[in-house]
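Quick heads-up: it's one chain on its own, the form predicted alone, in structure tokens.
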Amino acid sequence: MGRQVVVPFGPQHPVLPEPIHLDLVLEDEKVVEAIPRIGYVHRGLEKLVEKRDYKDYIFIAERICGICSFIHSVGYSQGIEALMEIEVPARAEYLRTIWSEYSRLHSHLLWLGCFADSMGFENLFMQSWRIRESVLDVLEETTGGRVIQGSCKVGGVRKDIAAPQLTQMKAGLDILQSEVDDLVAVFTDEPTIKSRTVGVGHLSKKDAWELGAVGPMTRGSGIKSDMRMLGYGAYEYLDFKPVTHDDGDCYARCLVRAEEMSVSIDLIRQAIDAIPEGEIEVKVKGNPDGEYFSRVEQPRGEVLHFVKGGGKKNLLRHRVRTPTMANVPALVKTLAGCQMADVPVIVLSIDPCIGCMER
């Protein structure tokens, strides 16, 4: 055994906009072990559920994360609606699905940019974020918010999208698909990207399953796991298949996210074509009583919202398990045995969202 040294990675690092710390145990340039440390941006948001009305708390649930904000509000709302046996209007379910897929698109484009930047591709980073702007524009035009939409509520949604605007959105998807195809072609064919990702940060199918990985992390290891298959929202009425790749390395996880953007565009098209007319919300009376686990698919994987009510306007408990927390054990596994130079690429390959994880 050679001499071992411990090199700190983070909590502030050029390739990570959010703080996570890793103690990397090295032998020469080889990582023997990675020891994670979290808790730098804990905000205690779950505690506020004891002080806020359960209908107003959705604004706090949405602020758990600035990237997957809308999908957090969907997960929380579905939990309360299940407790109170509220039947959400079909049009509201379709609108939630449309905004969820636009959220997935802008999150994946943000990640592709950061992933490219971690390998030194600054132009590719800027192209990814330029395309992402058009997605954020649609979210802003339809909800009023680019980061926090505030359009989901218990019992439905606060805003509707008129038919002419839906038609305009569908036309814009053709342009978006063309730009995404050009971008993805670079990520899939560029030899330098392949040299930095193929065979790097391998996670076997068995390890992904046993360590409880979720989202693109597990689908990149060949496991067909996607909470959208549960059929919440309007997904029950839309046709799609989860994207999977079997190689389990950084390249496979990159391909999963890249191909998922086309799936999201197709889902939005289907939802626009099939969205029914009707109400977008129902009046909510009473207070939640009991407990429920709500599961939805964020861009990074399954997020779980646990809600517990006691028949009063304030919930007794709200607990969230985010996909980044679920993927940290798998990240530690993939880092063991890698080269020091590959650490930023491997860490980025799980698409860490620390603000989401810390809450």
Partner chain sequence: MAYLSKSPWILHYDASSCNGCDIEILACLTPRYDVERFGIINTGNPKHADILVITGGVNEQNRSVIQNLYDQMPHPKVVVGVGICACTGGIFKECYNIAGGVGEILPVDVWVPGCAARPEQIIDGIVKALGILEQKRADMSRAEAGA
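Positions refer to the first chain, counted from 1. Small disclaimer: the values here were computed from a predicted structure and weren't measured.
The same protein also exists as the form predicted in complex with its partner chain; that form is not shown, yet it is the one meant from here on.
Proximity to its partner chain in the predicted bound form, taken as heavy atoms within 4.5 Å, picks out 121 to 129 from the listed stretches 160 to 168, 121 to 129, 91 to 99, 223 to 231. Contact here is defined as any heavy atom lying within 4.5 Å of its partner chain in the predicted bound form, and by that definition each of 41, 133 and 355 is a contact residue. When contacts are judged by a 4.5 Å heavy atom cut-off, residue 65 counts as touching its partner chain in the predicted bound form. When its partner chain is considered in the predicted bound form, residue 140 lines it closely, a heavy atom lying within 4.5 Å.
With a 4.5 Å cutoff on heavy atoms, residue 245 does not count as touching its partner chain in the predicted bound form; it lies far away. Contact annotation: residue 313 falls outside 4.5 Å of its partner chain in the predicted bound form, judged by heavy atom distances.
Taking a 4.5 Å heavy atom cutoff to its partner chain in the predicted bound form, the contact residue among 304, 26, 48, 328 is 48.
Put simply, of 52, 333, 308, 295 only one has a heavy atom within 4.5 Å of its partner chain in the predicted bound form, and it is 52. Shown without its partner, the chain has no residue in segment 203 to 220 with a non-hydrogen atom within 4.5 angstroms of its partner chain in the predicted bound form.
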